[in-house]
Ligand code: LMR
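Presented as structure tokens, the chain that follows is alone, the form predicted on its own.
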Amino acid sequence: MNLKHLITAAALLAASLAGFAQSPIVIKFSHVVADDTPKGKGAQKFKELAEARSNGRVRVEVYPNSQLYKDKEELEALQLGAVQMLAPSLSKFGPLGAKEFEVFDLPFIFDNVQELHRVMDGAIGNRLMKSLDSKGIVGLAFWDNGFKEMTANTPLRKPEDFRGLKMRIQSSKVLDAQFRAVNANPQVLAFSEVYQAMQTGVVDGSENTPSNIFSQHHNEVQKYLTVSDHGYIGYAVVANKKFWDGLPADIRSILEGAMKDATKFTTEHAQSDNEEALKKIAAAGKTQIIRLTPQERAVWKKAMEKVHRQMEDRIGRDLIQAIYKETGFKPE
């Protein structure tokens, strides 16, 4: 090969390497809910910010509505590197071995968003996120959805009304105990399967936030919704640790900033999204809205509070007590 050919070959190789170097880093971000929910909007905001601030060096592919993986599959897919980011509900980490996250499933442990964020945004939240490192997962942020309400085809006003009902739950020992405390029969189902299960009578009811209930049309197959605010649904945005640690430092810094701002965006919109969804459910006219009085809610709280004690060995008594101290919760 003469000098001219060598120069040409070198130029082609350099161009090829430059093109390779400029190929965007692809982040597959999978989740199980609709785009028009707090989590769905948060994922889209993160995509928008990450791509803009990296000047095209990062491409975020968002896959909503269980397009890639269902509830039980997505964390394993993350650990294997099949996806790079997820935002699973906090209940999902218990089966993974991070049982401390199930503290957020305890009924009535938070009375309002302010109490919740004192825990999430402080030392307790940091401790929980760090515990994921050993699972090959990096915890990036907590995202709000909101407080849960009960739906069923029978009115739920007092604990006795739950007796014998088949209630859908996420895979969580705490949520299982919560419904058993009021003599219901908890049924673990993937989120994507709940509508059909309600429609066909496989389950009688469920618990979820208004935004999830409305976006998945659960209100079309549930006659009653009780505004109970008995529990919380939030998410931990997580990444595959090997992928995250292997990112160029400047890219990781950009993504951390994008995540911080997407988290702020999600928190600000979650409450209003749920309030708006509840109005739409009422306006649709297929579901009767039941609002508990403070006295009725106190009866529910007393009936379910024993779950806190039952779960001390699983979650950790010290963690539960630390949250009580932070929020001012006083058990009966």
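Computed from a predicted model, the values in this text were never measured in an experiment. Numbers for residues come from their place in the sequence shown, where the first is 1.
We do not show the form predicted in complex with the named molecule, though everything after this point is about it.
Visitor: Hey, in the predicted bound form, is Q222 touching the named molecule, heavy atoms inside 4.5 Å?
Guide: Q222: no, not in contact with the named molecule in the predicted bound form.
Visitor: F147 versus the named molecule, in the predicted bound form: is there a non-hydrogen atom within 4.5 Å?
Guide: Close contact is absent here: in the predicted bound form, F147 is far from the named molecule, nothing within 4.5 Å, heavy atoms only.
Visitor: Against the named molecule in the predicted bound form, would Y235 count as a contact residue? Criterion: heavy atoms within 4.5 Å.
Guide: Because a heavy atom of Y235 falls inside 4.5 Å of the named molecule in the predicted bound form, the answer is yes.
Visitor: Can you tell me if S89 lies within 4.5 angstroms of the named molecule in the predicted bound form, counting non-hydrogen atoms only?
Guide: Flag for S89 set to yes.
Visitor: Answer with one of F179, F110, F191, F142: the residue that has a non-hydrogen atom within 4.5 Å of the named molecule in the predicted bound form.
Guide: Only one listed residue qualifies here, and that residue is F191.
Visitor: Could you work out which of A270, V33, A43, A50 is the residue within 4.5 angstroms of the named molecule in the predicted bound form, going by heavy atoms?
Guide: Comparing distances to the named molecule in the predicted bound form, the residue within 4.5 Å is V33.
Visitor: Want to guess which of 102-110, 152-160, 247-255, 205-213 is within 4.5 Å of the named molecule in the predicted bound form, heavy atoms only?
Guide: That would be stretch 205-213.
Visitor: Taking the named molecule in the predicted bound form, which residues of 166-204 have any heavy atom within 4.5 Å of it?
Guide: If the 4.5 Å heavy-atom criterion is applied to the named molecule in the predicted bound form, 166-204 yields R168, Q170, F191.
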